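What follows is a single chain, given as structure tokens, in the form predicted alone.
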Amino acid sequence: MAALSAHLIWDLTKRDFSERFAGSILGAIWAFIWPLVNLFIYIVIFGQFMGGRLPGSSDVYAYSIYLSVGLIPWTCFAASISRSSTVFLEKKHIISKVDVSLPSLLVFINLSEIITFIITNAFLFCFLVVTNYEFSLKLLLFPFIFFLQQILAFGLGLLSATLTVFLRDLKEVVGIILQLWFWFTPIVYVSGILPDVVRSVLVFSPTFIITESYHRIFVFNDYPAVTSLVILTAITHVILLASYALFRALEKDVRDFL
């Protein structure tokens, strides 16, 4: 069963990439072109042409880096949740024919988005090298925070995928929530501009903690707050366990509704 699921997940991941660019002349090369174009927009358009500057920093690339290290992980996070919300509906032809663990279907979506994330970050790190960015050991925390981010995405994706089977309009609601969530996360602006009362609430938002941690590491050359990482770890795992518990309670009904 486990071997079957692993083989199916890998097959679905490869197929997901091939289907994205099916019929195009360049094929899978687009998987490298799109991240490069997005990074160009973040760095050149916003950071240079539009004159974006990071308050308190004289580095002309500071805002470009600030924007990139917030937007790239967010894109992976939001896409993982959004695509997961409809995965049971979209793969019902597989679910009806193969005895597969339903949560494992979310894994291929996360893998697919993580691959895109890695490609985009490869271009970002090339940019950092070219601009003589000073790398530090603090970057070793980057994979750990990203891991927590995707655990959170998996948990929220499982929750939305389960409920969307019964409430089909929920997929639209998920999109709206993610859009609002984006603007309540300090990705394109610095958190210091927020009113104290708003900031005092948002500091408990997991994406706020995640993005602030990325910014501390890459932009401000500082370690993320230990208390924030403890809170983030607790929140992500509570959401994951709660989502899985709800799924297990509704699994039979989910399969019946499909």
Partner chain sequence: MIEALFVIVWTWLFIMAAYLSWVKIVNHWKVYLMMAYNWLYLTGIFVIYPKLQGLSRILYEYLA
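Numbering follows the first chain given and starts at 1. Because the structure is a prediction, the values reported are computed rather than measured.
The following text describes the form predicted together with its partner chain, which does not appear among the structures shown.
Heavy atoms of residue 182 never reach within 4.5 Å of its partner chain in the predicted bound form, leaving it off the interface. Taking non-hydrogen atoms only, residue 92 never approaches its partner chain to within 4.5 angstroms in the predicted bound form.
Residue 237 belongs to the set of residues with a heavy atom inside 4.5 Å of its partner chain in the predicted bound form. For residue 230, a non-hydrogen atom is located within 4.5 Å of its partner chain in the predicted bound form, even though that partner is not displayed. For a residue to qualify, one of its non-hydrogen atoms must sit within 4.5 Å of its partner chain in the predicted bound form; all three of 147, 223 and 245 qualify. Only one segment in the set 138 to 146, 68 to 76, 106 to 114, 172 to 180 has any non-hydrogen atom within 4.5 angstroms of its partner chain in the predicted bound form, and it is 138 to 146. In summary, among the residues 163, 124, 102, 151, the only one with a non-hydrogen atom within 4.5 Å of its partner chain in the predicted bound form is 151.
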